[in-house]
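This document opens with one chain alone, in structure tokens, the form predicted on its own.
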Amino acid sequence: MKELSLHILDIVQNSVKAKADKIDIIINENIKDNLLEITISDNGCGMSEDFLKTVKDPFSTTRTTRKVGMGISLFEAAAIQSGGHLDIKSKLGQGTTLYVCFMHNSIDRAPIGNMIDTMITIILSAPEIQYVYKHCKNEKEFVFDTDVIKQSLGDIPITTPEILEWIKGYMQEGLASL
């Protein structure tokens, strides 16, 4: 995948399929330490210890429509290519946390990509879920929490076109401040 945001979208879709009702996405750009860290955590059904041992294998999947699951293995390959690594922790009934680390200045690191459109896509695909997106760059941080927005909206759906436009603007402003 050409952008890390597409890997994030793929992993979040796994979390949705795992019946998570809260998904945290954290991007930490630590320029001083030359690190780009991405953490995606959910409170979904989790994975068994046996499946967790094979989850990085592209021929290991829970899908019934095809026999390969390339998402995690491709994300790991992207990390390794830029001098980083991928770790995954999961417990049945408790959820999963995926941590991916990249060398920030590596010429082989894919760009982060369009996280605003990624978040809009995620929200549209499963609006009932709470998504918390936190993006840190050095000492600054931007946090976006769909539950905070939903509470302000009352009965208005978060997927209303005007609300999605407002979210885009809010995120553009927040990310530009980093």
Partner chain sequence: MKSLAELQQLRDQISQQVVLRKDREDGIRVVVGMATCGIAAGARPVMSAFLNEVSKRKLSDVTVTQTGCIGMCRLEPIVEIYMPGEEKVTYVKMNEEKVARIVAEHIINKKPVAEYTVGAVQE
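Fair warning: this is a prediction, and the values are worked out from it, not measured in the lab. Positions refer to the first chain, counted from 1.
Below, we refer to the form predicted in complex with the partner chain, which is not included among the displayed structures.
In the predicted bound form, residue 120 approaches the partner chain with a heavy atom inside 4.5 Å.
Within 4.5 Å of some heavy atom of the partner chain in the predicted bound form lies at least one heavy atom of residue 153.
Using a 4.5 Å cutoff between non-hydrogen atoms, residue 114 counts as a contact of the partner chain in the predicted bound form.
Residue contact check for residue 149: one or more of its heavy atoms lie within 4.5 Å of the partner chain in the predicted bound form. Annotated contacts: 24, 139 and 143 are all free of the partner chain in the predicted bound form [non-hydrogen atom within 4.5 angstroms]. Residues 148, 149, 152, 153, 154, 156, 160, 161, 162, 163, 165, 166, 168, 169, 170, 173 are the ones in 147-178 with at least one heavy atom within 4.5 Å of the partner chain in the predicted bound form, listed in sequence order.
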